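Take a look at this single chain, the form predicted on its own, given in structure tokens.
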């Protein structure tokens, strides 16, 4: 049986289980095939599992829509951020020359990368939409380096399953599975609309995950940790989002 047919069969089984035998059976099927999200427990756990498993099976290689330049929003909404501290202001005044991103965990060659280091990788851009769970959205051009370029350089161990990524804001972090980490549209973005990434939009460095809701695109990135489990981070739910009542996987 081809890989695609096998995935179709599993997905069909998941959907049938969700509709006929209940979400509990669907969750067990997802467990069998290793498609269980970190926040699978709790009252919504079976539903979260069904959503994640079905999307991974059917849309693993799908692309977020990319727009022509004429669609770029004239007044993109930056959303509220906490005031930055004096150390951040000093780095900003110095053009963020002292900004560093640690890349550690299950890698052969851990690194501490400056913005200049990141800009030495092949530059990519995309014009995609940020969609917020609160109901607003905007289209912007994002400029940066594909995350997989950085991961290739540090030589990720084959047992790795997730990338946990952390903000300068100590209360905000997230993670993604390797399918999203290696996806060509997943960026470490340092530019926006032809200029440096503004602080209000997460500058100098923001994760950009266009196949998921906006809260997965964490601002002010300072660390990437490659891991085989996210249980050791925070409350073990995969990110700060489910700790606040949102889903870990926010596919759109």
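Positions refer to the first chain, counted from 1. For clarity, every value in this text was computed on a predicted model and none was experimentally measured.
Omitted from view is the form predicted in complex with a small molecule, to which the following refers.
- None of 180-188, 223-231, 199-207, 49-57 except one has non-hydrogen atoms within 4.5 angstroms of the small molecule in the predicted complex; the exception is 199-207.
- At least one heavy atom of residue 217 is located within 4.5 Å of the small molecule in the predicted complex.
- Using a 4.5 Å cutoff between non-hydrogen atoms, residue 126 does not count as a contact of the small molecule in the predicted complex.
- At a distance threshold of 4.5 angstroms between non-hydrogen atoms, residue 138 is in contact with the small molecule in the predicted complex.
- Contact check for residue 78: a non-hydrogen atom falls within 4.5 Å of the small molecule in the predicted complex.
- In terms of contact with the small molecule in the predicted complex, the residue from 164, 115, 103, 130 that brings a heavy atom within 4.5 Å is 130.
- For the candidate set 98, 169, 152, 89, a heavy atom within 4.5 Å of the small molecule in the predicted complex is found for exactly one residue, namely 169.
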